[in-house]
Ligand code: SAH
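Okay, so here's just one chain, in structure tokens, the form predicted on its own.
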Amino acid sequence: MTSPVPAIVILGNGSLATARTIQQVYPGALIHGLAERVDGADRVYHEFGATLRELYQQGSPIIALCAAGIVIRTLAPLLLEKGAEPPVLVVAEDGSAVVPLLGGLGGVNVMAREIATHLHVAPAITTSGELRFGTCLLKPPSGYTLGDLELGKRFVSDLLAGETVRIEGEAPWLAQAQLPEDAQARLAVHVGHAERLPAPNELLIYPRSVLVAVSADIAELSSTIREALHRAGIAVQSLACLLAPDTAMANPALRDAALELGVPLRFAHADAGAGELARNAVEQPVSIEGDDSLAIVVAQEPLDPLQIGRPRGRLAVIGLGPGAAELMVPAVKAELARANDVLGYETYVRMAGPFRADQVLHCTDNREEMQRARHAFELAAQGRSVVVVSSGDPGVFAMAAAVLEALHESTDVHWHNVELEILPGVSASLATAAQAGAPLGHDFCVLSLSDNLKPWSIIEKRLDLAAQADLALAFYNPISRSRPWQLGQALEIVARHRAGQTPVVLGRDIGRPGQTLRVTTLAALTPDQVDMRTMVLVGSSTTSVFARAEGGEWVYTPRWYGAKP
């Protein structure tokens, strides 16, 4: 099973060398550096507290190169449920100390030892059980799961108080542990897939060695699976994954059952029933019982779901926002982190990085939208996790429409079985409006002035009607080298219905380095003040302008219209 990739967070350049050393232990980890204080970080952030809390809530292991107190105060409001926390460590700026803070059940001490070994120091591990026995009994290795955490805590307390223990079942990772073993001990570590009632004197550890194959629609699937496991005397905690025919990929009942049971959902090609499906999917010796609709497979060793069948392919169309990392929504960041393949116009793909070495980038020209969309479906249909990148919002003059059009035109069942999601972003018009104040505070119209994909006559008609309706206007693609006349004609149309003093906001590269914001008027605006990277916002008859205390102007369109409420 793949563990989450850690995030290395630093506050200054003095930590960068140590961070790079730690990065050698976790090659996929990205170094997050504080803006204006760190040169050469993989990602830049502007607020330490917000960044740390976001990473924690996403479940990312955190390696912070700073004082422990800063991290503790930052994360304190989030520390609600012990056992559901990602690993959090602090490392001295010079690498002289490694201190695990949180995530004892998430492998933080394992990480502390790995980092400390690489830095040639001793980790500051304080967990009593792990110091005494050399292992965390409440955190079994990958492929195994603990039965009951609360009973487990009492079990470890009894061991620490001086009791002995016996091992029942196969627990190879405990062979090197310093456990006080005694074949006649009252306490027992029991490892096996059989269903057992929890008892205070037993630490139950279940190997994830059971697979359930389903080949037909079954009502109340998760309950049916639980009942079938119970009848077979198998603990539900030993369930490693669900397996279904690839023809059922889009079946929501399967997805819901896997979520409720907390296991991966895998698919394989099958012409026969559930038993045959399962027999073909697992390579190691197994026992199988069930019928053509549902079969239970018990393997001799823990199963790796990644080696069984394949997942349902996923295609996410994301919006990066205007460019600034802090304006990218957390769901988009998480999607980029999980992606196998990233497709898009090269400029936007580079904005979305940096990427891990195992992520494949497919950069294309900005005019190849349909080819890009079809390529994305081809990759996702193979079971890969694919991201198509847009700037701003993917549904505003961007890739979401092209992806949906490609799917609409396709009769390929594998494309339609792909899990498709559109994740929003902050559009250029909204980012520019926010910088200026609230020029789009009332009804507004968004128009592209490019006639590449629609005739200019349509643009003229829409412009005229929107201007007549006294809507605030947002112009995308206002001008280009091949069509320098577009904006001039658009302004002439708007001027038929708007006063010359109507406020106009010009935002260039908002959210990116070198951004500029200007406030002018409709009468003073000329096409030479605008280029393809400029967002043009034209106010309505109620749009107002007033001075900012620090210089410049605020622009807003009030929520009321006509008589002031």
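Residue positions are given as counts along the sequence shown, with the first one as 1. Nothing here was measured: the structure is a model prediction, and the numbers come from that model.
Just so it is clear, the following notes concern the form predicted in complex with the ligand, a form of the same protein that is not shown.
The stretch among 464-472, 426-434, 374-382, 196-204 whose residues place heavy atoms within 4.5 Å of the ligand in the predicted bound form is 426-434. The contact residue chosen from G392, P140, G152, P245 relative to the ligand in the predicted bound form is G392, the criterion being a non-hydrogen atom within 4.5 angstroms. Y476 is the sole member of Y476, F355, F444, Y345 with a non-hydrogen atom within 4.5 Å of the ligand in the predicted bound form. For the marked spot (F397, R508 and M532), a heavy atom within 4.5 Å of the ligand in the predicted bound form is present in each of the three residues. Mapping the unseen interface onto this chain, P439 falls outside it, with no heavy atom inside 4.5 Å of the ligand in the predicted bound form. Not displayed here, the ligand is kept clear of R53 by more than 4.5 Å at the level of heavy atoms in the predicted bound form.
Interface membership of R512, defined by any non-hydrogen atom within 4.5 Å of the ligand in the predicted bound form, is confirmed.
Heavy atoms closer than or equal to 4.5 Å to the ligand in the predicted bound form belong, across 314-330, to one residue only: P322.
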